[in-house]
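Just one chain is shown here, as structure tokens, and it is the form predicted on its own.
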């Protein structure tokens, strides 16, 4: 996401950073490029105009004109204004009222409400909540069954509603059940339509009145660009939204909706969907996103992903194994799995500061290679995983057959493993802590 915008902004900033002093004309030329980049990213025209005006006012002030590094100061101002445009800081869900608190998920058909309900439930569960999924889309065929199936896959409780029930009756019955069972958060997956209409809004207003939800979140498709912003305006007018969740952000290279939605509607973007995995829902942090857009990376998000993926006790045990040169192929597989939990390798590299975007775009990482490695190690006996030196010709053939790979693939893995172990031997004990939980990458 934001790849095209980042490239164009970096091109504009390169010219500004190359100057020892900045004139008003130079600032105007640079900001003209920034404005064009925003418009090409499908940012709302009025939003782009206002943010450029605010940047220019500050850029012509003393903090830039009298600076020894005026170009860097302008970039800092752009970062500040982009953050402010998107909301300045992350806004948490307001779930501190008397339990159970209801969260209504609303939006058009096809935006990803049901999938998002499952992702949000997992996120809340990870953060100490007891969510209860409530399907109230009694119109779309199999919509209720879809959420029930998703709940079963993710080990999440789902209220057993039927298409014969009325939406508000479902919500009130689920609320009573939640109190009885000790669930503290209702996630209400409402019906959608292919377009905004009076019938849809009337039903949602009725649900809001009867349920009195703590949060009403619009789920919108980021790929629709400014249409998502316009849809947010329509739903907000009828329901007074508390926030927005943008899905499919990983497929939106422009990002105009994410940049515009807070400035146009006044409602915060609270979460973004960044993939198909059940864990691919991230809290939206405007300041971190501004940093990503400007090519500064997102170290905090990288650290948070690492903390989620790595078990502290296992990491400490691994450190001791590394120090004693007891790191086995089984450990190699487990650490690879931990890194993969954090996201795709290319995506993780993109979160690191100072990574060249052009280099990243040309980086071709075959994620299937990790699946092959895991299959090869799983095809080994426990003894072979612990003592790789015993894996000779006949064993390699058996492992290759069992994993659906070739002997060459097995040799490649063993070579990679032995090289890793040689590297570990060269690292002194003081450097071990930096490797904790991160091998083999």
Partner chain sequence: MAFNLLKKKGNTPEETGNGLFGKLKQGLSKTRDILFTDIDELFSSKRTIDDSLLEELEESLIMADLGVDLTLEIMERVSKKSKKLSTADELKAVLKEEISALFPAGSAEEDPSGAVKPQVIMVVGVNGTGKTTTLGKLATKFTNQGKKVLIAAADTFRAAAIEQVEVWADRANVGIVKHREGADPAAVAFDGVEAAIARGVDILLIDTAGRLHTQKNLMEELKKIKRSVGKRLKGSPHEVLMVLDATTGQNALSQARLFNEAVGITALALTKLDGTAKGGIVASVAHTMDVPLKYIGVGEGIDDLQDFDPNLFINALFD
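These figures come from a predicted structure and were not determined experimentally. For clarity, a rigid core is taken as the largest C-alpha set superposing within 1.5 Å between two forms. Positions refer to the first chain, counted from 1.
This protein has a second form, the form predicted together with its partner chain, left out of what is shown; the following refers to that one.
(message) When its partner chain is placed as it is in the predicted bound form, are 332, 403 and 421 each within 4.5 Å of it, taking any non-hydrogen atom of the residue?
(response) Answer is no for this spot.
(request) Quick one: find which of 384 to 392, 368 to 376, 29 to 37, 405 to 413 has residues within 4.5 Å of its partner chain in the predicted bound form by heavy atom distance. (result) Of the stretches listed, the one contacting the partner is 29 to 37.
(message) Within 4.5 Å, heavy atoms only: does residue 146 come near its partner chain in the predicted bound form?
(response) Because a heavy atom of residue 146 falls inside 4.5 Å of its partner chain in the predicted bound form, the answer is yes.
(message) in the predicted bound form, does residue 49 come within 4.5 Å of its partner chain, counting heavy atoms only?
(response) Yes, residue 49 lies within 4.5 Å of its partner chain in the predicted bound form.
(request) Using the partner position in the predicted bound form, report whether residue 128 sits within 4.5 Å of its partner chain, counting heavy atoms only. (result) Heavy-atom contact with its partner chain at 4.5 Å: absent for residue 128.
(message) Residue-level contact is defined here as any heavy atom of the residue lying within 4.5 Å of its partner chain in the predicted bound form; does residue 179 satisfy this criterion?
(response) So residue 179 does not count as contacting its partner chain.
(message) Quick check on this chain: which one of 326, 89, 153, 160 has a heavy atom within 4.5 Å of its partner chain in the predicted bound form?
(response) None of the other options qualify; the answer is 153.
(message) Only one of 210, 110, 97, 266 gets a heavy atom within 4.5 Å of its partner chain in the predicted bound form. Which one?
(response) Comparing distances to its partner chain in the predicted bound form, the residue within 4.5 Å is 110.
(message) For a quick check, can you give me the residues of 211 to 249 that have a heavy atom within 4.5 Å of its partner chain in the predicted bound form?
(response) Heavy-atom contacts to its partner chain in the predicted bound form: 223, 224, 225, 226, 227, 230, 231, 248.
(request) Using a rigid core alignment, state whether the CA of residue 246 is displaced by 2 Å or more between the shown form and the other one. (result) Comparing the forms between the shown form and the other one, which are aligned on their rigid core, residue 246 does not shift its C-alpha by 2 Å or more.
(message) So that I can tell if residue 134 moves, could you say whether its C-alpha shifts by at least 2 Å between the shown form and the other one after the core superposition?
(response) It does not, since the residue 134 C-alpha is displaced less than 2 Å between the shown form and the other one after the core fit.
(message) Please determine whether the C-alpha atom of residue 195 is displaced by 2 Å or more between the shown form and the other one following superposition on the rigid core.
(response) Yes; that C-alpha moves by at least 2 Å between the shown form and the other one.
(message) residue 235 and residue 195: their C-alpha distance differs by 3 angstroms or more in the predicted bound form. Do they come closer or move farther apart compared with the shown form?
(response) Closer is correct, given that in the predicted bound form the C-alpha spacing of residue 235 to residue 195 is reduced by at least 3 Å.
(request) Just say closer or farther for the C-alpha distance from residue 282 to residue 229 in the predicted bound form, relative to the shown form; it changes by 3 Å or more. (result) Farther apart, which means the C-alphas of residue 282 and residue 229 are at least 3 Å more distant in the predicted bound form.
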